[in-house]
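Before any questions on binding or motion, here is one chain by itself as structure tokens, the form predicted alone.
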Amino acid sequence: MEGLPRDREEAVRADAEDPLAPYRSLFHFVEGAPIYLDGNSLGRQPRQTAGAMEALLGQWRGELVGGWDHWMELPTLAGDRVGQLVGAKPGQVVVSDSTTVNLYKLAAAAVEARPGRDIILGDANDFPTVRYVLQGLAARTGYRLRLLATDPVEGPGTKEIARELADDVALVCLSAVNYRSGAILDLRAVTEAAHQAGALVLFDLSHAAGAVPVDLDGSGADLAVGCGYKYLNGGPGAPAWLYVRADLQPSLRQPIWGWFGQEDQFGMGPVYNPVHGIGRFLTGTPDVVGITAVNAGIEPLLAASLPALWAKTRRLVGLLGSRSEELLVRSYEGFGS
């Protein structure tokens, strides 16, 4: 990669001149601590999270149940902000539940929407939760789970996915980013292949959202899920989110029926009738504290813009790769001498 710093002095100068440098101050850092490379497991705490939580505590303290006037719409308001990071127009994302629960909800809704098909297609080397959810769904519904024997580092390619697609496949469920290597799936190509075979597609974006460019609407993707505690900086155990393409929402019915997904929520009626729109994929009372933290965690990403973050990511990875290669060559040459 051209233009990379050639030594530490140039790297320090590049940091100082970087337009993203001011955004570092939006997060808590311990000076002198080791460089943190585990954002794929837990994102740093934004400085504004404490203020957002204190404001919420003030509402709870002063308004008690009246605080629900502020909180009822949080899942969809925060969802629309997540949507800005993953290329989804408003009304297609909600923040709720965990990634595992959301994955089950959407996978179950998808296979039910494809009657006459009995195959769920996944990746044998995918993140364990994805495989376990699909295994559990297959065991309880009679669907058959077919797992691609892919390279654990390279991940599944579009051609090998397409070879497995036939008129018996109801759902293709894959991770957008390989959790081992960072290999990125071509969402548009996979979606097109799945749709040509008449299948729906569900992507797990837990290792993608907030880290790499994603265009769910542009790719034509049907469904997606992701977590809130990695690159979205929502804190340990933060709520997850789910995406359902707008035109699919009326035809899908998720399996966990709760009162927050009910059309006349406070009518307390005897029969469940899901609300119109993305709200039908909510279940029980939302985690207001957790969603508030996710909302705060997203703010620095939106301010910096994902394209700018992705460009810097590529430069940093390029620099790391270049320096590592140089050191390995030197070590090899020194060993040979």
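Fair warning: this is a prediction, and the values are worked out from it, not measured in the lab. The numbering used is simple: start at 1 and walk along the sequence shown.
What follows is about the form predicted together with a small molecule, which we do not show.
- The stretch from 140-148, 187-195, 81-89, 203-211 that comes within 4.5 Å of the small molecule in the predicted bound form, counting heavy atoms only, is 203-211.
- Only one of 265, 158, 100, 135 comes within 4.5 Å of the small molecule in the predicted bound form through a heavy atom, and that residue is 100.
- With a 4.5 Å cutoff on heavy atoms, residue 260 does not count as touching the small molecule in the predicted bound form; it lies far away.
- Using a 4.5 angstroms threshold between heavy atoms, residue 175 counts as touching the small molecule in the predicted bound form.
- In the predicted bound form, no heavy atom of residue 76 sits within 4.5 Å of the small molecule.
- Residue 105 falls outside the set of residues with a heavy atom inside 4.5 Å of the small molecule in the predicted bound form.
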